[in-house]
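What follows is a single chain, given as structure tokens, in the form predicted on its own.
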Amino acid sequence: MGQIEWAMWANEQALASGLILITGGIVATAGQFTQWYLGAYSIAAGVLICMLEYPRGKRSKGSTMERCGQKYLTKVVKLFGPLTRNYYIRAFLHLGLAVPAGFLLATILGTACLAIASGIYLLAAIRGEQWSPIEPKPKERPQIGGTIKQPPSNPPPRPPAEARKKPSEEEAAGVSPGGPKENPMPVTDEVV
């Protein structure tokens, strides 16, 4: 079996953690918890994490399906260069962002999920994985002259090639096989 690419799992976990942090932060802020400011922090941290984690990284083997609209955020993530490409930095960034949100009950689930994502990113970094953007493949344009074929000679519906009749010798000579034939019985016009 092939090796597991841990960064792919960490990316999904961290994206979900960011969404959970946002949700918990909204609950804490709207519910006017005693430490509501940690809820506001969780909303900001969750948005930052979602923006960082939304673009999927390219897999080392096989193909990677890019998320809808990923190309716009990929440009932003690429601007930060090694700060976003290196998984050691991501692991410690996520762990640091998770700590303040851990002191509020509404955001503790997001904190736990983010700590798990941080651990997975650390494992990916130890294994030597690195984030690289999914580059769009240049589309090959077909040759204009190579795609044009001769139009069909008989109109649709056409039977399959093996079912088509090949012209017999009589048809080639101009005599149709379904033409007039001699009747072996004599025909009379008398009515009985």
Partner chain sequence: MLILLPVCRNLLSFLRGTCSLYRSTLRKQLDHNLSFHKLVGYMICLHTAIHIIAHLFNLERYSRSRQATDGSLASILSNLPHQENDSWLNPIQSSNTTVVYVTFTSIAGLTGVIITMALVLMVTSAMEFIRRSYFEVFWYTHHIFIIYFIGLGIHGLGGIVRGQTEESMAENHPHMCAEFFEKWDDPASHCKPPQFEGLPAESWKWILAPGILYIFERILRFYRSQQKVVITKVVMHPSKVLELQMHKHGFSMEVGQYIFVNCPSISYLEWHPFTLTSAPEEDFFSIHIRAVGDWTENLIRTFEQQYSSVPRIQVDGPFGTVSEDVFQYEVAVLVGAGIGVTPFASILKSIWYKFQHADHNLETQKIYFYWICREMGAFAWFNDLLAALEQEMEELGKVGFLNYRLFLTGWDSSFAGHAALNFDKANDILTGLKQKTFFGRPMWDNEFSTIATAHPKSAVGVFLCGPQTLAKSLSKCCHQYSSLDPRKVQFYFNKENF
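Because the structure is predicted, anything quoted here is derived from the model rather than measured. Numbering follows the first chain given and starts at 1.
Heads up, the form predicted in complex with its partner chain isn't pictured, but that's what we're talking about next.
- Residue-level contacts in the predicted complex: of L95, C113, L122, V77, one residue has a heavy atom within 4.5 Å of its partner chain, and it is C113.
- Contact annotation: Q130 falls outside 4.5 Å of its partner chain in the predicted complex, judged by heavy atom distances.
- Though the partner is left out of this view, F33 does reach within 4.5 Å of its partner chain in the predicted complex, counting heavy atoms only.
- Among heavy atoms of A106, some come within 4.5 Å of its partner chain in the predicted complex.
- Contact annotation for C68: none of its heavy atoms lies within 4.5 Å of its partner chain in the predicted complex.
- Contacts between 36-71 and its partner chain, taken as any heavy atom within 4.5 Å in the predicted complex, involve R56, R59, T64, M65.
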